[in-house]
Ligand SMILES: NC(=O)c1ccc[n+]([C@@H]2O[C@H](COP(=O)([O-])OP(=O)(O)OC[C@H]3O[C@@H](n4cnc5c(N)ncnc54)[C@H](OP(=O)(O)O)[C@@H]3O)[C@@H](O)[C@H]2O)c1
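Just the one chain here, the form predicted on its own, laid out as structure tokens.
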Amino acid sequence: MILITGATGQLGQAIIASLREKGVSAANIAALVRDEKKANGLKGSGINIRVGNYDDTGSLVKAFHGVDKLMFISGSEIPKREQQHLNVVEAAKQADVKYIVYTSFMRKNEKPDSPIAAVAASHIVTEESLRKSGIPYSIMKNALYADMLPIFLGQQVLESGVHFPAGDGSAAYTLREDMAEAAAAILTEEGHANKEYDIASGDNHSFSDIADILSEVSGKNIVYGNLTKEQYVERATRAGLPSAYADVFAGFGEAIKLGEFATESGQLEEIIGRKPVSLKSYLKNIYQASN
């Protein structure tokens, strides 16, 4: 039995779809949800629904009963995430789970001066807890989602241009569906235990490159405006983005500027057995269709 946490989220759903494409039967897949009412779409597919909460270790132990492989998708509640993740690992130990695949994220600087230190901290603790758990594990250090770029760029990007505090830094933006396919491969194939992978396209792009791609696919002259962190936060909040999100996005911009998400790793391609979807293909699909 393979259990996917965060199963109603976009990554969770994509991993379930990839598992089914690989021939895993619905009867051998379980989905962890906090609210069973939100799992109606999964219920009709024959997938097992397990109710559990990262805040409640007991509920997780019960949900993990009979699970061989745990697809552990990191939580989104950053202030609470460290303890929540420790609860998941402890529950997996108590429930005798045989293997854990964890979605972490790529970074190079693990010191407190990192612009994304608040995001990285819980991942670092979780990875260490997995290494010490005694349970075979795989850690997926996921690159920045290409799927996040439309949010970073804003709804008016084709009219107002690209504005972000990323300097000339590049990142290996990677599509969520490719990450999901990699997760399904790791869960269903041999040879991945106790390994850590950079799950990244290996094809690095700056925001200036992104502006050029948008110009090509939209037929408009899209210019990149390199902002300071303060300028970005002011601009984003004025456009209606909550200040807390603007600060987090600006932190990612600073990290991109410093090269935190740049890599030429080919591990994702090796795992999925093909070239990952290119950033140009993804942006063309999004912005040529909306133009």
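Here the structure is a predicted model, which is why all the values come from computation and not from measurement. Throughout, we count residues from 1 along the sequence that is shown.
A second form of this protein, the form predicted in complex with the ligand, is not displayed here; the remarks below concern that form.
For the ligand in the model of the complex, the listed stretch (184-192, 142-150, 91-99, 161-169) containing residues with heavy atoms inside 4.5 Å is 142-150. Scanning L11, L279, I271, L19 against the ligand in the model of the complex with a 4.5 Å heavy atom cut-off leaves one residue, L11.
For the candidate set G75, G154, P136, P115, a heavy atom within 4.5 Å of the ligand in the model of the complex is found for exactly one residue, namely G75. Taking the partner from the other structure, the ligand in the model of the complex has no heavy atom within 4.5 Å of any heavy atom of T126.
Remark: Y232 does not count among the residues lining the ligand in the model of the complex, judged by a heavy atom distance of 4.5 Å or less. Residue contact with the ligand in the model of the complex: N53 places a heavy atom within 4.5 Å of it. At the 4.5 Å threshold, heavy atoms of Y197 stay clear of the ligand in the model of the complex, well away from it.
Taking a 4.5 Å heavy atom cutoff to the ligand in the model of the complex, the one contacting residue in 90-108 is F105.
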